[in-house]
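Quick heads-up: it's one chain on its own, the form predicted alone, in structure tokens.
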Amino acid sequence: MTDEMLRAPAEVKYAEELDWLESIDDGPKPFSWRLSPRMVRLFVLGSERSDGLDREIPQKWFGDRSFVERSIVTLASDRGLLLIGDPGTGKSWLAELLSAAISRNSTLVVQGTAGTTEDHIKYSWNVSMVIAKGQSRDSMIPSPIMTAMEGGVIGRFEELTRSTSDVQDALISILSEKYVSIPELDDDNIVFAQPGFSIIATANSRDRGVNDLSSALKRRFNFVRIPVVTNKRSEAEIVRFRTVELLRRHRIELELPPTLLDILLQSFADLRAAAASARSDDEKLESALSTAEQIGVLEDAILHSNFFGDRTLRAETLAGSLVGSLARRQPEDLAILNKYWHGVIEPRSKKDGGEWVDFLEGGRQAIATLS
């Protein structure tokens, strides 16, 4: 079934694993949860030898264990969960994994944008049915959040601070009262949330000031702040994990040389340090330099090598993908990358040699092409 989808949701992708965990789970389960809190944590963070399982459960989200545990505890209460952090820190992926483990459904999602309305989080109407038969529960189109309420499962709200204050205010009654009124109907005009219902929302910390959350809405959420991964070992694990997935998805057989992964990680670390010491936004790349963007750079290089190269990932291809992905503003970003290439990459290539020499040349060519 997963071969028929461009991107299978977590509950489909890991269906066999979730079935097995459910079959051996004898722990207490809150409400309508499919797995106990301990098994939810194990599914997300992977198994250890001390767990004494008959099979290994791979780690799927890389971060501090306490963030996952606090998230699970919040969802077992009557409060919503707000995952907040910089772009590319894995907020949405963690929300999807938690929903899949708890409810076996991670697809009840509302995407917050400037165009999101109350209808997107409550309900709307099938116009043709209303004209033919009038307003009724049959002619009503429930939102993903209302569907989650009726099923006693997890609903998700992506990029909460991107939506307007009116939409955010509509969440307050859902999170506090746990029901939605339907004033257009005379009978059966209230939808009550079933036990197990909760909301996982995500917010980009860089969107602060776009549509700030009201104090009333903040009180309905427990905040879990997801920091940027700065530990090179953890970041390398994340990049390898995602790379294996994308190679499998594209059905590409290509080896990722460890030296090139080290070059990619070091380059992003250098650029982050330069951004941290910059005196103004003009001296910073527009990119957030997140782990997700590293994976994007690597995917671009792998696909380029597979389709237009000799199916071998090379340093010059990786450099071209990095420059092409990060040079978003013209000419500001190109000037920053050019300075980095001359001030950092060139001395390093002379000192360390090896793949750094080809990486230097590939970056120079890419910068010259875009200039």
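Throughout, we count residues from 1 along the sequence that is shown. Note that the structure is a prediction, hence the values are computed from the model and not measured.
Beyond the structure shown, there is the form predicted together with a small molecule, which is absent from this document and is the topic of what follows.
Not one of 120, 143 and 199 is positioned with any heavy atom within 4.5 Å of the small molecule in the predicted bound form. None of 234-242, 73-81, 250-258, 131-139 except one has non-hydrogen atoms within 4.5 angstroms of the small molecule in the predicted bound form; the exception is 234-242.
Here is the short version: of 222, 266, 92, 161, the single residue with a heavy atom within 4.5 Å of the small molecule in the predicted bound form is 92.
A heavy atom within 4.5 Å of the small molecule in the predicted bound form is found for one listed residue only; from 108, 292, 217, 170, this is 292. Shown alone here, residue 62 lies within 4.5 Å of the small molecule in the predicted bound form, counting heavy atoms only. Put simply, residue 152 is far from the small molecule in the predicted bound form: not one heavy atom of it is within 4.5 Å. Proximity of residue 86 to the small molecule in the predicted bound form falls within the 4.5 Å heavy atom cutoff.
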